[in-house]
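One chain comes next, on its own, written as structure tokens: the form predicted alone.
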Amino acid sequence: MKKNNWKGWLYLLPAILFLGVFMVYPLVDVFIYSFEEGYNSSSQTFWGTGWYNYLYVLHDPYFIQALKNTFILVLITVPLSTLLALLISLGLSSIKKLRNMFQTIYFLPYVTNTLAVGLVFMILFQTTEYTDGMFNFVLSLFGIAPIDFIEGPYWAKMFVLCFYTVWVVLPFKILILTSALASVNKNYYNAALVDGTRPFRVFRKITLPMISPTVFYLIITGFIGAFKAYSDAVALFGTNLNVAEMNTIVGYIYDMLYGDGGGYPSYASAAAIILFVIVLTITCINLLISKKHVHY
């Protein structure tokens, strides 16, 4: 028995070393940096330890704006993309002919370069001296005046960012949910058909409980992914996200490290720890909720 235990640990050793070097050590290092006040990366010195870095970050208007943007993005895109993916997956599951073609079409955005897609979206929504953009052309058909969604009002820019994020994450969720729907035991549906159960009740009592672990997985990963959003905003609004008021928490961390006003690893570390705590808290809340609503 002991020999088998040693074999098990030996097999796990490469993964443990990898996680320790590339995940645990950086996390501990960032946690230490976040308490070092006035840290200088060139001289590797600091003038004190305490909570100053956290207080600075929490009172920084740029961080507050980034926090607001990130939460709006999370609260809108995660539920909306999951719901849309579920509806599209249900539609695909009911199609017999050309199902593979439709699945391929829906999956194309997932394998397309993020920055390239962002540039296309910018062209579609941006207002220039030559054109108002395709989206504004559609709005003009309903008598709505042109809106600059890239450099215009805050709500318009947030609309484009949410729209873009939902469009980008849909393919992966559709693929996963379509696979989950295909794995549901058909005997349950046959029994419901014999009993004359209505379609909505079949979905609520059979389909949704059977795919609830998959839905829960997508919600958890969706929250984590949305909190890490940064490249999407850069693709749409450029690198100076603070001026555009469209920065995210990850963008704020990057700016503190490498931006024009960067070189502050202590502030960046404090912001990273705050983000870690937020994501961990939301994940724990979802895990508690899942105990009542997820059926394994």
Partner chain sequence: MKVVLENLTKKFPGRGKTSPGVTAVDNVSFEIPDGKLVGLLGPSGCGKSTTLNMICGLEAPTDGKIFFGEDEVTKLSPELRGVGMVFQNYALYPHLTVEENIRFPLENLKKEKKLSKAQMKEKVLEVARLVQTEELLDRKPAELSGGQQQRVAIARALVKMPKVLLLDEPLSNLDARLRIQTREEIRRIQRETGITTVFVTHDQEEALSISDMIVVLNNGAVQQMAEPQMVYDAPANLFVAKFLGTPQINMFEGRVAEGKLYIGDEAVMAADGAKDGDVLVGVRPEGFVLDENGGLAVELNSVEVLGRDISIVAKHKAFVGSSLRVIVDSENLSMIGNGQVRFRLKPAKVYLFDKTTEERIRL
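Numbering follows the first chain given and starts at 1. Just so it is clear, the model here is predicted, and its values are computed rather than measured.
The discussion below concerns the form predicted in complex with its partner chain, not included here.
This chain appears without its partner; in the model of the complex, the one residue of 104, 128, 94, 187 with a heavy atom within 4.5 Å of its partner chain is 187.
This chain appears without its partner; in the model of the complex, the one residue of 87, 115, 80, 210 with a heavy atom within 4.5 Å of its partner chain is 210.
In the model of the complex, at least one heavy atom of residue 206 sits within 4.5 Å of its partner chain. When contacts are judged by a 4.5 Å heavy atom cut-off, residue 153 does not count as touching its partner chain in the model of the complex. The closest non-hydrogen atom of residue 175 lies beyond 4.5 Å of its partner chain in the model of the complex.
When its partner chain is considered in the model of the complex, residue 143 lies well away from it, no heavy atom lying within 4.5 Å. You can rule out all but one of 175-183, 197-205, 134-142, 67-75: in the model of the complex, only 197-205 has residues with a heavy atom within 4.5 Å of its partner chain.
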